[in-house]
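What follows is a single chain, given as structure tokens, in the form predicted on its own.
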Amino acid sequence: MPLPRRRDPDRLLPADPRTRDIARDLYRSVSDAPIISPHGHVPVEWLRDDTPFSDPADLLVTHDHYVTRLLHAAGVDYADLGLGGHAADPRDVWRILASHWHLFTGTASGYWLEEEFAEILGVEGAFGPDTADHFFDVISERLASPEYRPRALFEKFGIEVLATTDDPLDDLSAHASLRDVLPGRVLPTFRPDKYLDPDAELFASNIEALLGATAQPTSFAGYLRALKERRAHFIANGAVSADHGVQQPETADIDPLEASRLFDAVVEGSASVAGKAAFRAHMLLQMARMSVDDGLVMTVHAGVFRNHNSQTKRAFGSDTGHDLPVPTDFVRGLRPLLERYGLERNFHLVLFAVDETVYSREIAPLAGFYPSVFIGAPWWFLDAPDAMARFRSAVTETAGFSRSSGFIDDTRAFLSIPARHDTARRADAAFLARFVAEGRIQSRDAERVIADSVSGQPRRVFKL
């Protein structure tokens, strides 16, 4: 039975009537297309265990840093939201959100939550302080029903591919248990940051665990073999990509003897700041080399200063909303990597940024020359309707549509996946409709492009 709707069916489409008519047709052509999500952070255990979501606050507030950071900016104590292990009554957390709901007007997170309320959870009416308890009760009832358990929602959302993000030492048994259970595929993603970055917490212990798990000696050669072995394990369990989160996209091509010396120093804890930076940059290049060899798509998410506030980090941990964007330099930083592997046809390198200035200046020109480079979709602070339009304007005239990754939701907020993909489809329909209305492309080309953006392009880029 279709859920009740209260949203404008033409939301995010152009205001001009003629352009809106074009956009409406384009959007409708892909609105029900399956969801391909080749990079995200939904815990695989949710699908393996198929446990009902506990309550509205835990699902939609406490673990969503898009939401908690804006509440924090308004003076809400993170402890009152249940972060950092602090006990908080879910209904009280929900009421805090409702009492501050006006702060989310015009924000992407406010838009997504309204999408989830109306289109997924089927709650009618306006959310706010007066309706907070009503929304909490209705959503709680929904979450307790079999139709809203994770596997049922996976099927309801029309997910064809969902990639998780996983530690290299994960045995991936949860993924294996889901094989042939769901109507779509759940794929692991190799995320080796804490084994590559000497500044990562417990770096030496991480390396010891990696080498122990693969029975490799404590040497640079053994370390590389260990990483290669774990990548092979991921590939055997369906992985198609390896993801790398870095503050700066720096790469370095270092002599093997020097690389070995640096490895010894970073493991011992004696490396200088410059030495750690050189090792980190060389390992990003080594990950590209391995992707050339084993075929894993290499994604790089750059430009985030993690844990900007040390007091918040100590009290509430990482991923609680205090990561902030910084400028990046892809052209100079990636040149050593691209000198070695940029022309390799089997190598796919997808670049994501939160520094909008690099789209037209660096990433689109790189993707417009190197066959290996693809433009990652707007990410994190930029995965919002207006930012998506700016992204298309910044990259299309230089690199066209074919050099982009297709939409990537990159989320842990499971219920927001269809909302985010729908947002991207509407934003692309609006952008293409303007091109058609201005006589810049033909309608048939716009239809082809938007269909390709939700299916063909992500399949090609991520080798699906």
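The numbering used is simple: start at 1 and walk along the sequence shown. These numbers were taken from a predicted model, which means no experiment stands behind them.
One more form of this protein, predicted in complex with a further copy of the same chain, exists but is not displayed; see below.
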property	result
Residue among S173, T357, S318, N346 with a heavy atom within 4.5 Å of a further copy of the same chain in the model of the complex	T357
Listed residue (T312, T131, S140, T214) with a non-hydrogen atom within 4.5 angstroms of a further copy of the same chain in the model of the complex	T312
Candidate stretches 282-290, 160-168, 205-213, 318-326, one within 4.5 Å of a further copy of the same chain in the model of the complex by heavy atom	318-326
Partner proximity in the model of the complex: S455 to a further copy of the same chain, non-hydrogen atom cutoff 4.5 Å	no
Distance check, S99 to a further copy of the same chain in the model of the complex, heavy atom within 4.5 Å	no
Exercise: L13 in contact with a further copy of the same chain in the model of the complex, heavy atom 4.5 Å	yes
In the model of the complex, A399 touching a further copy of the same chain (heavy atom, 4.5 Å)	yes
a further copy of the same chain in the model of the complex: contacted by all of R95, F136 and S145, heavy atom 4.5 Å	no
Sequence-ordered residues of 98-117 touching a further copy of the same chain in the model of the complex, heavy atom within 4.5 Å	H102, L103, T105, G106, T107, A108
